[in-house]
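We give structure tokens for two forms of one protein chain below, kept apart as structure 1 and structure 2.
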Structure 1
């Protein structure tokens, strides 16, 4: 069973400037709740026991959010406000499950994942991208059930319009397992419309094997002079590691752009 999750949080969030000039994008409120807490709740509901945050020195406010005990104790003693007490207890519960590692140079998601190597103790782990919220249905829980059944890696997917494939990483499908799941043949980054192998797009939920660390240690920098997790995944697929693509049933919200961030609050308020 998957018990560990990693969440890369070291990115600067430039697409959400000027909001992120002083405040981490992951703590920006979405319908009155920090976006990161939606991800944490998904992990905990899926049975995750340990969550590893990958931050940078510039994102230390994230750590402070979970370790601001003196502030809360002083306020609670003075105010006697049940709402604040409840919120503090929730943060304390999160804190028990969180570890922090640092990625101070922006060398890509693959490099961020590699920073967690010494903490991963099981054969597979969950990775979630905080920009991607999936509401109504717990995508991580469904993926963990798939992993348990098929004993392999799982990556989230959803269908996009043909005209939009060049905005996404797109799966090449080996064969369908059922209506929601398929075996992955390859992952193509932002293909042209006429050469896209499918309309199944990559979304930020992954169950990955521990063997990926060996690939990341030897991997050379790719596009943008960064180490990309997708390149390591492709190498594993070529070596016959089994990866399942899961077309999840929940509602997908992209919080990584200004329009997406604003829309996410509006959509969640309707749920």
Structure 2
């Protein structure tokens, strides 16, 4: 079973400036709730027991959000407000499951994942990107079921427009398993339109094998001068590790760009 999840949170969030100049993007409210709490709720509902946050010194406010006990206790004693007590209990419940590791140099997602190496105890683990919200259906839960059935790695995916392929990791299909699941042949990080092998984009949910760490230790920088998780996954696929691309059923909301962030609150309020 998949019991551990990791969440990279050390990114600078420059696409959301000025909102992120002093405040971590993952704590920005989306329809009245910090974006990160949607991700945590998805993990917990999918049966995850331990969640590892990869933060940086610049993003210490994220830790503070979960460790503000003194403040809450004082306010609750004084105000006896049920709503605040409930909110605090929820945060305490999250806190029990969270560990923190640090990535102080923004070298890329691959480097962020490598920081969690010594904490991963199972054969596979889940990774979620907080920019990618998937609503209505629990994508992590669907992927964990697939992993159980096929005993392999899984990446969430959907079809994008050809003109947008350079924004995503793009994979080619080896074999169609069924309508929603595909055995992956190869994956390329942010290809040029002309060299993209398809329009199947990888979205921010991954079930990865522990062997990824060995690849990441040797992984050199790729496109944009960053160490990409996609490049390490590619090496595993070349060594016959099975990866399934899973076209998820839920509603995707891209919260990492200004337009996407604004739109996500509107969309969630309509659900």
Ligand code: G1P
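Since this is a predicted model, take the numbers as computed values, not measurements. Numbering follows the first chain given and starts at 1. We call the rigid core whatever largest set of C-alpha positions still superposes within 1.5 Å between the two forms.
Quiz prompt | Displayed copy of the chain that is the form predicted on its own | solution = Structure 1 is the one predicted on its own.
Quiz item: After the core is matched up, is the C-alpha of residue 161 off by 2 Å or more between the two structures?
Solution: It does, since the residue 161 C-alpha is displaced 2 Å or more between the two structures after the core fit.
Quiz item: After the core is matched up, is the C-alpha of residue 197 off by 2 Å or more between the two structures?
Solution: The answer is yes, as the C-alpha of residue 197 shifts between the two structures by 2 Å or more after core alignment.
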